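Given as structure tokens, the chain that follows is alone and in the form predicted alone.
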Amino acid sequence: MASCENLFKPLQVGPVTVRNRIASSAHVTNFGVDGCPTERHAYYLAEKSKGGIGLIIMEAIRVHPTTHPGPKAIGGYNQRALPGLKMVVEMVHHYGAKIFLQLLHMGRQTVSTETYQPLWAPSAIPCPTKKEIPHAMTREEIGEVVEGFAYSTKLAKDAGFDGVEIHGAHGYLIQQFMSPFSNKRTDEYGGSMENRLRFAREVIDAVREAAGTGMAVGIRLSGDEFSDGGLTLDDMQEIVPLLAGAGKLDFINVSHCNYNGLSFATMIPDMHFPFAPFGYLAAGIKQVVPDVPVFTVGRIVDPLQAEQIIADHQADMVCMTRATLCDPELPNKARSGRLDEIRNCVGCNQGCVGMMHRGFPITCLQNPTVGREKELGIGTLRPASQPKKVVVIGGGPAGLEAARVAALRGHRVVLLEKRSELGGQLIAAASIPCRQEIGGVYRFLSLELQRLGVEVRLGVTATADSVMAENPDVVVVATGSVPVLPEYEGSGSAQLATPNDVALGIVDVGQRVMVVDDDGHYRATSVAEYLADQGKEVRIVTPRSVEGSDIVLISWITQHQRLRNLGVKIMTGTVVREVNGSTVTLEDVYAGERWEVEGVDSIVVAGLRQAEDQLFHTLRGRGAKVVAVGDCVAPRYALEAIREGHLAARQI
């Protein structure tokens, strides 16, 4: 059995002893109400503490009204948030974890339509993403923000937090002052490195004084901005010792990036990045501050990899944020050697950052209890008062999760799947090389069914009679959906195919392929990338304003880059009108202009799907309770399918 002995050694962070080396870094949840933390925050973070994590850094409180982007964000510049913050601390401490509070001013990286005030920044230069021109701060305004950091620290102290983390990374205000990329001032806050560090030092001094001796004080920094003219690792190796001098900082949390183009896309790396892709930055900072605890972050999902990072002295603390969102019990499972029972994050970015960037409360594709821990969290899954026989029809994500949860509750579960393997539509998704990691979803669920003793029958086409012959008490129908290919005008000839046909190798699409994206998700873009990578000439046609319009921006950026680098042509606001032989007629959906593309061998259509609900309707009224979940109710995605399977099984 692999050991994680280094991962579970305590770590001294200033005056605070943390029970192990696993942390959850600060991240927006959108759980706030009227600028205050809620019970939802408390249960969410307590779940991680209950699961055995060592340190939680709670999402940022905003230190000044000029950086408060709406009621879901927490304000730290008055006392209104104090009761909620106290509730969070008490619940987290109850299960043994330590908790720090992050302090933030975003500077130019927000918009005034959210703050209702002009943006403040070191210079009147707009953020490359947000585009709004900010107000260049006066000396008096700089002092006001410094005081805001101190005030927020006192608020954290009054609430009982063990420490605070100053957010000086990701291109926010402190980094904006430090970096020549964003600071063009000519006064004592700009120009030389010493001047550019002045604001950061003033904030650190003010926070240190407000914290006193009983709290840890640290800073989050970008080890590299990944931007021309921005701070590099070499720069940060010079800067960090200057900031941490004389024991002013108890820890350095090393992240990376700003909001500039491809740099922004690295902030929360998805499955298209390797594991721990930015660990070298923490290792580089550790070299120059060997006596200060250094944290590392970014797609670290495996406890064994985290153990190796600690053992190799690349960092002292490993932030496994999405990993413990996906499975909050990861630390306890790793400590007890139950590595095979860990539900590993697959880096899909759909439920976490995908929801957050849309302004919705975060969740997780694999873990539908996120944000609903009070009703669905650890310890709430009660054994069934009367165990029943449950027949689940369909081995996709909805059926697998329903079977897992029903078995956990003590029901006798039989799962019927017409294919020769479990996974449903995720099988096709995982067949595309750049999306292989999505297969971790159904591999975990399949192993859990085996561990829990669920009877799985593959290659079985369920009928109403065969299902009722099982004498079930409850039938969960999870039969999924099927694609519906359009009937284009014209004489036809170019082959029509679905993304699944391509991914599973069912069809030969030829050399010149048109991919129709009427879905907005990864079905079209991933297939286009897959075909272009084989050297095929690929053109994406979509009626939407961009290809993959429903992909969260932080992942869309690198998806778009890969498509462009492979030579994929992208035509937006466009639909297919006619197919005549190998000639396809396209139309601009807004202007009505038409034109032709010749020599098209195949058209791959990612579009409408139809619920496979016939069996559900046939089974109703046959004696057993019948429940439908997932795409057979309405075609959507794996996130909704898993959530519905989970909730349905809780009701049996």
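What you see is a predicted model; the values in this text were computed from it and never measured. Just count from 1 along the sequence shown to find any residue number.
We do not show the form predicted together with a small molecule, though everything after this point is about it.
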Worksheet item: Picking from 569-577, 292-300, 153-161, 67-75, which part of the chain touches the small molecule in the predicted bound form when contact means heavy atoms within 4.5 Å?
Response: 292-300
Response to the item:
If we test each of Q102, T498, S227, S179 for a heavy atom within 4.5 Å of the small molecule in the predicted bound form, the one that passes is Q102
Worksheet entry | Answer option from L416, A81, A283, I268, heavy atom within 4.5 Å of the small molecule in the predicted bound form | I268
Worksheet entry | Heavy atom of A216 within 4.5 Å of the small molecule in the predicted bound form | no
Discussion item. My question is simply whether V146 lines the interface with the small molecule in the predicted bound form - judged by any non-hydrogen atom within 4.5 Å.
Written reply: no
Worksheet entry | in the predicted bound form, T321 touching the small molecule (heavy atom, 4.5 Å) | yes
Discussion item. Considering non-hydrogen atoms and a 4.5 Å limit, does the small molecule approach N20 in the predicted bound form?
Written reply: no
